[in-house]
Ligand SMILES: Cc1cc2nc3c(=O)[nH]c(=O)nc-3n(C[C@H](O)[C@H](O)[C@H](O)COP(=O)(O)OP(=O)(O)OC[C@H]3O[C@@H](n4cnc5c(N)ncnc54)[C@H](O)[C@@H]3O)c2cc1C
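Have a look below at one chain only, the form predicted alone, in structure tokens format.
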């Protein structure tokens, strides 16, 4: 729907404005516009789509593509050995759900119970489970835990073969159980990765929540629209200012603005609008509209080294199955049967494990990529497998803040990885767990040998030094507009910005702690729950 389809008197005034059409924002816009009496504006800074988004393996083409990716970078820091870590974020309809690795992980029940215990009423696992169920359509698992009729299609990878058989057997040999549904009653164990893929196509939120409702006359989706500031009238948000191809526009709102621009851009937009830490904003020439100390703070992400293992058994990994003429065969297999390397998630097998005895739940995630690859996800000539490993609930926190009053200037990102000694200890243990599994008897038949970090690195200090040299994020930043009642919280448990009326934030930035696993699924749930809260407020007005 374009602006031209609206009556002239309604062009600049809406009931709701949603900033950001990503994992959460697409859901919010879908649910709010389901009532034809609600006029909804959805603003997306990027384009409508990219040719690679629908193909699952397309994430390898989008990870460094400026046409679909903000291509942010974090500041160098001590525990990255002075490296600037890439921070890719989706910049198109569907946001990061259109460029991610397609893995669907809700997290543990304890994650959400922790949020509730931190003072966020209505965010316990029992409270969020109905929203998880309502967004998805999944054929496996138990009805008690899984949704059957939601817009988002979730499936199990159609991948089999000696590598997967060996990994499952090796896991059993090191006491890691098989779990047929890690999004069900319990997360612990090794599983094939559930994925946002259906019939070989990516199931982004753009595909599942926006494409089916394109014909709604009360929904205006504007792409290539950079939101530059929120428009405030005292302590109330009354609209937004945005630019489209050089033209500056303004839209007003009757009810609410919902910011769903993501963990990087949501705090950036608040700060550009004068909401944040006064001294910081004043130093950059931004007029302070509302002091809110937590904006941009509490940044968390998963910091993961990628271990690499060679495999001498022929035809086991995609380094053998997709090189040269065999790559053409993989392409034909995908286009005719929707199977093979081009139709799988980034890591089609994963394990959730405990780093030590006595823990109530897993605290480490291992994920296997069935190939060795070079920078840019280019296939290596050497056959092998990559296994990343990380602590799932890191204590280390960083921050994101604007570097300029210019909306086009990228913000400054500081993760402070491994600033918590606990995170460092767990990450070292995670690497050791990978070693135990990859050297279990079941892997011997494949001719498995450690390439990185290398057998010569044996002490904790040596492994930790290697982690600092090579680890990267797993692209799960959260927390910069934290939900809670404490002084550093940005939103309350209704996702309303503290001290500002008519303004909510709904995306991964509101997570007070990082969930146990990939963050796309909980981000979509946040969008679903946010929409229900907005609609509940409207019914009470």
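Numbering follows the first chain given and starts at 1. Small disclaimer: the values here were computed from a predicted structure and weren't measured.
What comes next is about the form predicted together with this ligand, which is not displayed.
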**4.5 Å heavy atom contact, residue 521 and this ligand in the model of the complex** = yes
**Prompt:** Hey, in the model of the complex, is residue 70 touching this ligand, heavy atoms inside 4.5 Å?
**Reply:** yes
**Request:** Report yes if any heavy atom of residue 57 sits within 4.5 Å of a heavy atom of this ligand in the model of the complex; otherwise report no.
**Result:** no
**Asked** Would residue 88 sit within 4.5 Å of this ligand in the model of the complex, counting heavy atoms only?
**Response** yes
**Item:** Proximity to this ligand in the model of the complex, single hit among 261, 270, 400, 258 (heavy atom within 4.5 Å)
**Value:** 261
**Asked** Which pick from 227, 220, 187, 298 sits with a heavy atom within 4.5 Å of this ligand in the model of the complex?
**Response** 227
**Request:** Choose from 48-56, 496-504, 23-31, 482-490 the stretch whose residues reach within 4.5 Å of this ligand in the model of the complex, heavy atoms counted.
**Result:** 23-31
**Prompt:** Can you name the residues of 86-106 that have a non-hydrogen atom within 4.5 angstroms of this ligand in the model of the complex?
**Reply:** 88, 89, 90, 91, 92, 94, 95, 96, 97, 99, 100, 101, 102, 103
